[in-house]
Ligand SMILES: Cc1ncc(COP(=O)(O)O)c(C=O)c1O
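Quick heads-up: it's one chain on its own, the form predicted alone, in structure tokens.
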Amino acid sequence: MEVADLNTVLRRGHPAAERCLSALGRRLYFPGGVTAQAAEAAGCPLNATIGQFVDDDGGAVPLPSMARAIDALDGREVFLYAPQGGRKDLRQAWQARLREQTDGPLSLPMVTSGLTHGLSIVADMFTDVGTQVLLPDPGWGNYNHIFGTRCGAEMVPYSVLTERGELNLSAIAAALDATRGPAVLLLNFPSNPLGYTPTLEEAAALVEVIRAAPNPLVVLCDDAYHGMVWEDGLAVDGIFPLLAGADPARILPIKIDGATKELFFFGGRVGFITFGADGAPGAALEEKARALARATISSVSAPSQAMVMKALSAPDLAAQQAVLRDVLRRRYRVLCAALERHNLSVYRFNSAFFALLRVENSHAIRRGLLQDGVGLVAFPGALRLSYSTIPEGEIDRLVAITASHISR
């Protein structure tokens, strides 16, 4: 339901509730994006809507170390409160992982209730009504809700790719040059919904564009799909490590990541915020973030944190992750071949869980596909296909059915 309709329902049916709504309360509505479309596709045999990894029967695929941890958890790790900001050993272990990627300044990562919670904390800390937030286009629809609907920030889209399928550095530079003051640049690599990661050369050039920004800048790196890269020569660790040591008078890098995709723990809701600052400034930023968490969710689930800690403590963690990533890489290869065979137009993709098909009338095509038992997500002028949920042997059939609807 649109926001105006929701407010009308309240005004007519419960005037007191409508009159007492805050400014934010009046802006709130549940967006009809990925979540709503996935619910409609819940019964489809070929459900390629959600960016999570399942086996050929639709079951969960946990890391073995995490599956074993369920029966081995100490009662104190399950039934007692977790510390504000997260378990200290977990935060230190995640920081150690980040140290393998960068030598730059890092705050102690703070545990969040999923990555969306981390993005919301950053939005509350760094945006006011009218703050310009530069968002990727195509991009994840929830960014608009987090920064625009909740905080009243001004959404400034920039095109991620050129027509040739290269990182659109000129579009990002133009968006930065047009900022009126302190702003937020949101980067999402590997990308949702594009499934794109820049090459090493593109990443280095992007850093130079960012360093030339005319105004103070928060560079928010949504690295939800870190490590899910299927081709060589790409910036596997994203942009955050390349901004290490950026001028603290002008640029603050922030990394949002977590166990959701990296450790295949989709239901655990364990994410992290790490500021590109250490010492007293890093501690001050971390305390402000903890204050926001305290004022909203208080502390993150203790059992989930314990399970992530068990996984991080496993000596063969990298090998466990590699096994599951190899399954996804094979699905990616099969999808690439199928898309070429059926001659479908697709944005350039090389990573994450998605391919974004260029189509007209995307919502009409999506509704037609539902009738044939296929669930995709419609974006303006595009359909997102999540191959992480489709068995390798079913991918060609999925693409064939999709192609038949697009050609009608």
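None of these values were measured; they are calculated from a predicted model. Sequential numbering from 1, following the sequence displayed.
What comes next is about the form predicted in complex with the ligand, which does not appear here.
K.L.:
Taking the shortest heavy atom distance, is residue 261 within 4.5 Å of the ligand in the predicted bound form?
P.N.:
Residue 261: yes, in contact with the ligand in the predicted bound form.
K.L.:
Residue 269: heavy atom within 4.5 Å of the ligand in the predicted bound form?
P.N.:
Yes - in the predicted bound form, heavy atoms of residue 269 and the ligand come within 4.5 Å of each other.
K.L.:
May I ask you to check whether residue 104 falls inside a 4.5 Å heavy atom distance of the ligand in the predicted bound form?
P.N.:
The answer is no: residue 104 has no heavy atom within 4.5 Å of the ligand.
K.L.:
According to a 4.5 angstroms non-hydrogen atom cut-off, is residue 115 in contact with the ligand in the predicted bound form?
P.N.:
Close contact exists here: in the predicted bound form, residue 115 approaches the ligand to within 4.5 Å, heavy atoms only.
K.L.:
Scan 126, 158, 230, 143 and let me know which has any heavy atom within 4.5 Å of the ligand in the predicted bound form.
P.N.:
Of the listed residues, the single hit is 143.
K.L.:
By the heavy atom within 4.5 Å rule, which residue out of 311, 185, 300, 224 makes contact with the ligand in the predicted bound form?
P.N.:
Selected residue: 224.
K.L.:
Taking the partner as it appears in the predicted bound form, which of 274-282, 161-169, 261-269, 247-255 has residues with heavy atoms within 4.5 Å of the ligand?
P.N.:
Comparing against the ligand in the predicted bound form, the contact stretch is 261-269.
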